[in-house]
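Starting off, we have a lone chain in the form predicted on its own, written out as structure tokens.
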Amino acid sequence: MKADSIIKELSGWKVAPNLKDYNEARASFSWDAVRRDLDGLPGGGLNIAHEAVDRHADGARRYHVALRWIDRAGAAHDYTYGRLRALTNRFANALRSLGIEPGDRVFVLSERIPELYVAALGTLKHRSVFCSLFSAYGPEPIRTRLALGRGKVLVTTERLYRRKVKQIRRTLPDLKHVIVVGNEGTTPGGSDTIDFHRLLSSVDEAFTIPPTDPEDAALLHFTSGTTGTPKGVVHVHAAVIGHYATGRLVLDLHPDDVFWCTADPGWVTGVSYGIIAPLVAGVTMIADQEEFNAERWYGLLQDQRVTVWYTAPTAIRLLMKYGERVAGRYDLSGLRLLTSVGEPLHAEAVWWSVKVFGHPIHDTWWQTETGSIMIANFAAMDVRSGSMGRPMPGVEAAVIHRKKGGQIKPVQEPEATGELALRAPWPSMFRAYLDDQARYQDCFVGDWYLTGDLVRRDRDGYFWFVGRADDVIKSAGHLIGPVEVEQVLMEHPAVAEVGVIGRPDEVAGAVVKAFVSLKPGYEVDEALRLDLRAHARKRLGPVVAPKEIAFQPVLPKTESGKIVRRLLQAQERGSTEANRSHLDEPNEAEEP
């Protein structure tokens, strides 16, 4: 089983893909043409919430289900486009009644509940800036982001307010209003908060979106903070053009699709593809209140007849741990397209998907800064397992080397490793790092955005992720990408997760070391260690294969599930930083 094998789609297409011929699509694509597919506002403006909600509510899809929310007990609650328009209008009017101005920042700290989606879209209607926070954050990460973003409004739940916000509120002078969603059967208490539903019932449900410049700020995303102070990444209303185009061409959304993006709305994927893209496409999107549970997830895929699924390699690895037998108890035949994002998808996961679902997973690549998918394995293309795929139509991607003096040199040779660069601009490209113009400008050389990701491009134009520029291992004159090593180790049946680093070495500079978490049923012993090393040496050769393999039950991750090699490096050095098995983990000593 080779990582660069091509996987054919097995079951045939139930509907014709929106992108049928990749080369033809690239040749004929125009961002202006995509923009013309959207309504726009009178006078030529563009507002994300109008394209996501009102244009459907004003037309034939008024009674079509926009949001199907699955509560913790498993019951489904439907919100049509018409109902969603009325609720989001009320939230926009509520912000106006509180004196909130366009451009002010409205934060939401919540699990996946309907009020989160209402607040997000109502904020965008009002032309305030929406920022969602990951609900598992502890008080300090919440305080840091609210302070950096100078949040004027926070929407949260009674439980989260009591546990995480109340203790820090006095340290946030810009925070003028906290709007609280009460737990069932209770009323949010305290004179310092506003009841969400009481507030919405006090205002009108008629609202006209004011003129919105496509370049008006709309979204503020914070990076996960793995390399210091979180960066505030600013996106504008024009980003909806990218969300719409990628929803059609990458996620292949059709009007009758049921779409499920498992990403938490506290992350950019959960906003761009868990709220905006499916609603702009006019489909029904699933939102599940509960966190990961293998049988629940399989049950949702079956019972809701999900047709297009967007998830993460972390979730796929967890499902793989449960084995094929659990999946076999469910009817998953409704699925037409499986897609993934967040970190490189190992080839073994793609092959597993073919066995379990009858379809390969189509991996995608993008960043918080790019705002929408830039490179993908498209629905009508063969999946080259382990590859990022090929650039989205309208996106020009290149492999470059940085030269002294700040210049760059394009790399034309196939298979050569270099930094991934994207030619600017594109509609969803970030417009700023909040309050850090110098850092923003450092991301560009001329009209090229430098991603910081090392890649190689094969002879057929597929891109392959090598690693972050600061993750690459320099060993005895060789440059070794940790992802390549991780992919091969993931092929072994005993391996659940793996992280690879370079351990400092006086002779070689660094040697490759792998940290491995095993699947249930496998025991740590020297025989398994030798078997893993032999497998890697056979597939990678002695130069690239790991010289050392360490077993540990849990690898350090961000809340979005990415393995943090920096913490593995710290662990290797014996640094106290290595004690953080998860970044920004909630405080376990909080009041229950």
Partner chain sequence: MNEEAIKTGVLRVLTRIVPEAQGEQIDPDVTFRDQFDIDSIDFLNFVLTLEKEFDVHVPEVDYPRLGSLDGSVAYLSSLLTAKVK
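Numbering follows the first chain given and starts at 1. Rigid core: the largest C-alpha set superposing within 1.5 Å between the two forms. Just so we're clear, the structure is a prediction, and the values are computed from it rather than from any experiment.
One more form of this protein, predicted together with its partner chain, exists but is not displayed; see below.
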Interface stretch in the predicted bound form with its partner chain - options 344-352, 87-95, 102-110, 314-322, non-hydrogen atom within 4.5 Å: 314-322
May I ask you to state whether Val326 is within 4.5 Å of its partner chain in the predicted bound form, using heavy atom distances? yes
How about Lys557 - does it come within 4.5 Å of its partner chain in the predicted bound form, if we only consider non-hydrogen atoms? no
Using the partner position in the predicted bound form, report whether Ile168 sits within 4.5 Å of its partner chain, counting heavy atoms only. no
Considering only heavy atoms, tell me if Leu530 and its partner chain come within 4.5 Å of each other in the predicted bound form. yes
Just one of Arg390, Arg145, Lys152, Lys164 has a heavy atom within 4.5 angstroms of its partner chain in the predicted bound form, so which one? Lys164
So which of Ala380, Val234, Ala508, Ile408 gets a non-hydrogen atom within 4.5 Å of its partner chain in the predicted bound form? Ala508
At 4.5 Å, heavy atom to heavy atom, what parts of 99-117 sit next to its partner chain in the predicted bound form? List them in sequence order, or say none. none
Superposed on the rigid core, does the Cα of Ile70 end up 2 angstroms or more away between this form and the one not shown? no
I want to verify one pair: Val341 and Ala545. Are their C-alpha atoms nearer or more distant in the predicted bound form compared with the form I supplied, knowing the change is 3 Å or more? closer
